[in-house]
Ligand code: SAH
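Before any questions on binding or motion, here is one chain by itself as structure tokens, the form predicted on its own.
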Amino acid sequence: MSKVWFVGAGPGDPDLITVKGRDLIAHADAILYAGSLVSKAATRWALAGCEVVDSKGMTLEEIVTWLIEKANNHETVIRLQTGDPGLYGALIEMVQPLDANHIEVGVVPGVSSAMASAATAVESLTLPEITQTVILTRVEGRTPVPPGESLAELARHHATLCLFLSITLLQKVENDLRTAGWKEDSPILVVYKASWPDEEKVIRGTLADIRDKCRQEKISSQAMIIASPALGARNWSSLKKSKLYDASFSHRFRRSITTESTS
């Protein structure tokens, strides 16, 4: 029985694809990869007879038509998407026509550029008593956001913000953060092509200067913006430590160690 797999290729480095995704590629009959964002190197495990096509010039309708056609003739068809298929990947728009044609669908998650950007910069998105929340979102541009999800509203939580598809709207990002009460010296991280071999760039700045720094580096696409009170913690002189590893903290695998003497 044929099946169409939506596979997350990860953020850019082909080695960051999951083992399951790699194994599916190695057994696929046809692969349609998002060439504008996914390196063709991610298809390097495909068999010699596998049909590999770049979708960067296709419309949604053309992509769906291709997937249906190949599924009618092959057992394993892959739509290879950037990052994770469930984040900004038009997954449901592609799945519905496949469902209508009674074609089985499977999804393999991938490493998001948000996580890859934090890893590249050696940053933690959460820290005890600093922030325990990560908001994945994008700034309103040509595509609107639902009521209550504007960046200015979300930023009022002062939690970690990972902003997708927003680098061309960096001035709006700055304005919205200011509206939400973020200070001019709030740290901002921009990572261009996180994990892409020989291409990634890390730009560190503040709300006051990050746009100028990105302009100097000519960053205008494929960049993750992270605003977080946890940024830069690697260089802090003191941290609130995690209770999980605290000697005085008990859990089901370890008894607490106390300094109390017994008589």
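Don't overthink the numbering: it's just position in the shown sequence, from 1. None of these values were measured; they are calculated from a predicted model.
Missing here is the form predicted in complex with the ligand; even so, the following discussion is about that form.
*Asks:* Quick check on this chain: which one of 134, 152, 87, 119 has a heavy atom within 4.5 Å of the ligand in the model of the complex?
*Replies:* Only one option qualifies, and that one is 87.
*Asks:* At 4.5 Å by heavy atoms, is each residue in 182, 206 and 228 next to the ligand in the model of the complex?
*Replies:* Contact check failed for every one of 182, 206 and 228.
*Asks:* Taking 4.5 angstroms as the heavy atom distance cut-off, pick the stretch from 158-166, 126-134, 142-150, 92-100 that is near the ligand in the model of the complex.
*Replies:* Correct option: 158-166.
*Asks:* Taking the ligand as it sits in the model of the complex, is residue 66 in contact with it (heavy atom to heavy atom, 4.5 Å or less)?
*Replies:* Residue 66 lies outside the contact set for the ligand.
*Asks:* Quick check on residue 188: any heavy atom within 4.5 Å of the ligand in the model of the complex?
*Replies:* Residue-level check for residue 188: no, no contact with the ligand.
*Asks:* Residue 210 near the ligand in the model of the complex, any heavy atom under 4.5 Å?
*Replies:* No, no contact at 4.5 Å.
*Asks:* Any of the heavy atoms of residue 32 lying within 4.5 Å of the ligand in the model of the complex?
*Replies:* No.
*Asks:* From first to last in sequence, which residues of 189-211 have any non-hydrogen atom within 4.5 angstroms of the ligand in the model of the complex?
*Replies:* The stretch 189-211, when checked against the ligand in the model of the complex, contributes 191, 192, 193, 194, 196 at the 4.5 Å heavy-atom cut-off.
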